[in-house]
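Just one chain is shown here, as structure tokens, and it is the form predicted alone.
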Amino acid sequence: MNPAADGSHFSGGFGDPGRDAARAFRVIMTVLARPGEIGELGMVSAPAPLSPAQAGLILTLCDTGTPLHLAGPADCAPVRDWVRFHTGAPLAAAGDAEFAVGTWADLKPLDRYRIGTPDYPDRSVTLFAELPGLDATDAVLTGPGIRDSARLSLPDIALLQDNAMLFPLGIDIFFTCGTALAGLPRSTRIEAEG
């Protein structure tokens, strides 16, 4: 028997798809609605180099109608096969993607992605960017969903500030580190800790 015929070659999906997907969706929407809050998304495993949080984002948000870009080492046969098997999401070039996954370094430069149009600002990409660490320190965040201010360890603050200046256009980002997950919508204002 072909090792993939029974799905054993592509393990790592949700154990209880209905319940796990609903739980993951709640975590994802909570961290996006409350920038600076860090959630956990660790009920999924996927081939390296995807983290559990990135795998959970892919399983929850991607389907046959959402082109996905795999950046850097994430663009490898095991990840491509896993994505196709679990979601059916078509793989796409950066400029055609609705979602893109990789390390923050591999996802740059940001100007290769869609930022929406004045008539359709929602036609932009969302990044799933893995970082070496993620905690509630450093950059000061303000804006929708944040009472007073919040903090989040962010890379390339000037680049993220430029993205926020494009609002209502721009890119939404989920930062991940292992099982940790934080959302940074384009509407969030960012200041370097000073």
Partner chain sequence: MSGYNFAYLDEDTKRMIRRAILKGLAVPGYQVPFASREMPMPYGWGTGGVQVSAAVLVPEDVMKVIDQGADDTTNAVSIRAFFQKTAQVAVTEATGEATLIQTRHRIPERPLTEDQILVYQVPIPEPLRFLEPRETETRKMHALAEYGLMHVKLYEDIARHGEIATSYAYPVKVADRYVMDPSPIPKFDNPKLESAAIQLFGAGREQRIYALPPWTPAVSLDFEDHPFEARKAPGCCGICGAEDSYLDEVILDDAGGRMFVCSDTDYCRSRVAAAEDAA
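Because the structure is predicted, anything quoted here is derived from the model rather than measured. Numbering follows the first chain given and starts at 1.
Omitted here: the form predicted together with its partner chain. The next part is about that form.
In the predicted complex, its partner chain lies within 4.5 Å of some heavy atom of residue 32.
The shortest heavy atom separation between residue 12 and its partner chain in the predicted complex exceeds 4.5 Å. Contact check for residue 85: no non-hydrogen atom falls within 4.5 Å of its partner chain in the predicted complex. By the criterion of a heavy atom within 4.5 Å, residue 121 is counted among the residues contacting its partner chain in the predicted complex. Note on contacts: among 164, 134, 150, 62, the single residue with a heavy atom within 4.5 Å of its partner chain in the predicted complex is 62. Only one of 152-160, 24-32, 134-142, 41-49 places residue heavy atoms within 4.5 angstroms of its partner chain in the predicted complex, namely 24-32.
Residues are counted as partner-facing when one of their heavy atoms sits within 4.5 Å of its partner chain in the predicted complex; in 87-116 these are 98, 99, in sequence order.
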